[in-house]
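Single chain ahead, by itself, as structure tokens, in the form predicted alone.
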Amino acid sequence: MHHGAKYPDLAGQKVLVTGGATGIGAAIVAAFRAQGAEVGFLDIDDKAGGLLAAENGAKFRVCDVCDVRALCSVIDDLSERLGGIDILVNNVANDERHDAASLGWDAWRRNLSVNLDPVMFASQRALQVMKSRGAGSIVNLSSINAILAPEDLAAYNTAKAGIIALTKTLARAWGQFGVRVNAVSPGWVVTERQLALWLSADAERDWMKQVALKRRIVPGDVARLVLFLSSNESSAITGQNFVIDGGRI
């Protein structure tokens, strides 16, 4: 993957990524490692996470983020292994499709527990470490679906909209500690999961009609934006939501 610009200040930084084993998360882990950062990541996919960690030297822990106590415990462990947390990337998500009219309570809660809850509680845990270090950057992955609201993603859309609001709230609350909080809202990013489940040739043709840039958005595009928002080059930026969708919105 092409990692683009070099940010000298990211070398040696302690980075934690949730949902880092595959797709966008894996690209973010690889991008930070290419910058010389020390990276820890967590994911429910033991096999993919183990392979990625072996490949680039990042530290990996298996974690079901729906279990908040387990999530906090794993964050504490990775923080200790890294020697702190300077940067947190809240990437973990699951965009399973569902019918809003028949969506049950259990499915609703499951969706929010993977897509929204970890952003709050991972950020809260990381804040305690960042405060002691005098600064930090948190980057939350939202989605343009928070704005477009496709009909088969009611819970996911709600969670992603909540992430934007939470980002602004935490930026205001935690700026006093030198902690910046920003969001990134990708469009349709071409990952192996999207290709396997939803991104058919017809769907991609329809998407290309709606964007200004007639090219795919790939995980590396998102990772490079995350690097910028984590570096000192964006030190005056907080509470913002950055759309990266080729001009769809």
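Don't overthink the numbering: it's just position in the shown sequence, from 1. Keep in mind that what you see is a predicted model, and the values were worked out from it rather than measured.
Form predicted in complex with a small molecule: not shown, discussed below.
Across the proposed site, Ile24, Val92 and Pro186 without exception bring a heavy atom within 4.5 Å of the small molecule in the predicted complex.
Note on the partner interface in the predicted complex: the residue among Ala30, Ala53, Ala37, Cys63 having a heavy atom within 4.5 angstroms of the small molecule is Cys63. Among residues of the shown chain, Val68 is not one whose heavy atoms approach the small molecule to within 4.5 Å in the predicted complex.
The small molecule in the predicted complex comes within 4.5 Å of a heavy atom belonging to Tyr156. In the predicted complex, at least one heavy atom of Arg193 sits within 4.5 Å of the small molecule. For the chain shown alone, Glu204 is not a contact residue for the small molecule in the predicted complex, no non-hydrogen atom being within 4.5 angstroms. Partner contacts here mean any heavy atom within 4.5 Å of the small molecule in the predicted complex, and among 123-131, 141-149, 164-172, 101-109 they occur only in 141-149.
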